[in-house]
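First, one chain by itself: the form predicted alone, in structure tokens.
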Amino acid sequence: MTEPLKTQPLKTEPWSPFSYIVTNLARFVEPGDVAFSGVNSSMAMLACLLAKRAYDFPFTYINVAGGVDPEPRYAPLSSSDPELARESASIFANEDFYDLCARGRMDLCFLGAAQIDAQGRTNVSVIGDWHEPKVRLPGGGGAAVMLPTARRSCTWRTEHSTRTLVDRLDFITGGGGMYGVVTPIAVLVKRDGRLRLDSWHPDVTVDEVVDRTGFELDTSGAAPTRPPTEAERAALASLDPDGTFERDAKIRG
């Protein structure tokens, strides 16, 4: 592991942990991408809608509600809401998403995770021993199928801690295609087979990010995260005008 950068928090125009996660998820979208957000993934949904409103390049947005480049009148609370199919170019079924991934045509998938390890593998199955788990999780339809087959997969956690970014997963649900992870204080990107620090929230130090990560974290080449642009701020404000999503997220910064 490289020596952590000895930095003090940088005082910049503040942004909340919620806006930090949504904005940096949106920044994973690249021109021409086919990007997908799944079930129970409101932050990924907001990120894709933010990218549509804030960035001046084309990409295709597909969601678990079946919409393909929809034009929703508002951001629904559920990422499976039929509003996300409004004015859609076509309607996709679940098997269509999996088929698109299997054929190598899905550029970017946003998939949730309970635990993430240094190799970018995820656990959405159980916490604790498989035979006597402390918590049973939803399971890994998307993680098991789409994580290994999408060109890039990204995930997020609403807390940055050693219980979510772990040295050893309680169960390996899926792996293979992880590209990036966003937390309230950092952005991690996978390089040479391991997640490394790409950037950190200017209100924390690199040492704090390292201390709150359960695996050895390479910090070489990392830099403070760029502040949100005016276009990004305006897009997120239009999607969450009364702060409902931010309150519901209950993010632990």
Partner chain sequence: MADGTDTASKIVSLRELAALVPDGASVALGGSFLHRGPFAFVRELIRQRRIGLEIVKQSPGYDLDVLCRAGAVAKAYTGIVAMEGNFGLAPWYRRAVERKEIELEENACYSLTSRLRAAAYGVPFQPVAGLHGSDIPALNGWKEIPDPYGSGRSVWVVPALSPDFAVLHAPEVSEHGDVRILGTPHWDRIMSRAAKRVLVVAERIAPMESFREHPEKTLVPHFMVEAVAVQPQGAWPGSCHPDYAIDYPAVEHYMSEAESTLQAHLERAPELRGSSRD
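If you're wondering where the values come from, they're calculated on a predicted model, not measured in any experiment. Positions refer to the first chain, counted from 1.
Keep in mind that the form predicted together with the partner chain is not shown, yet the notes after this line are about it.
Next on the checklist: Can you tell me whether Thr183 touches the partner chain? I mean in the model of the complex, with a 4.5 angstroms heavy atom cut-off.
Outcome noted: Looking in the model of the complex, residue contacts with the partner chain do not include Thr183, since no heavy atom lies within 4.5 Å.
Next on the checklist: in the model of the complex, does Tyr179 come within 4.5 Å of the partner chain, counting heavy atoms only?
Outcome noted: Because no heavy atom of Tyr179 falls inside 4.5 Å of the partner chain in the model of the complex, the answer is no.
Next on the checklist: Although the partner isn't part of this model, could you tell me whether Ser88 comes within 4.5 Å of the partner chain in the model of the complex, counting any heavy atom of the residue?
Outcome noted: Contact with the partner chain, yes.
Next on the checklist: I'd like to check something about Asp167: if you look in the model of the complex, is any of its heavy atoms closer than or equal to 4.5 Å to a heavy atom of the partner chain?
Outcome noted: Asp167: no contact with the partner chain in the model of the complex.
Checklist entry - Is it the case that Pro72, Arg163 and Glu208 all touch the partner chain in the model of the complex, with a non-hydrogen atom of each within 4.5 angstroms? => result No, none of the three is in contact.
Item to check | Residues in 28-64 with any heavy atom within 4.5 Å of the partner chain in the model of the complex | outcome: The stretch touches the partner through Gly32, Asp33, Val34, Val39, Asn40, Pro58, Phe59, Thr60, Ile62, Val64.
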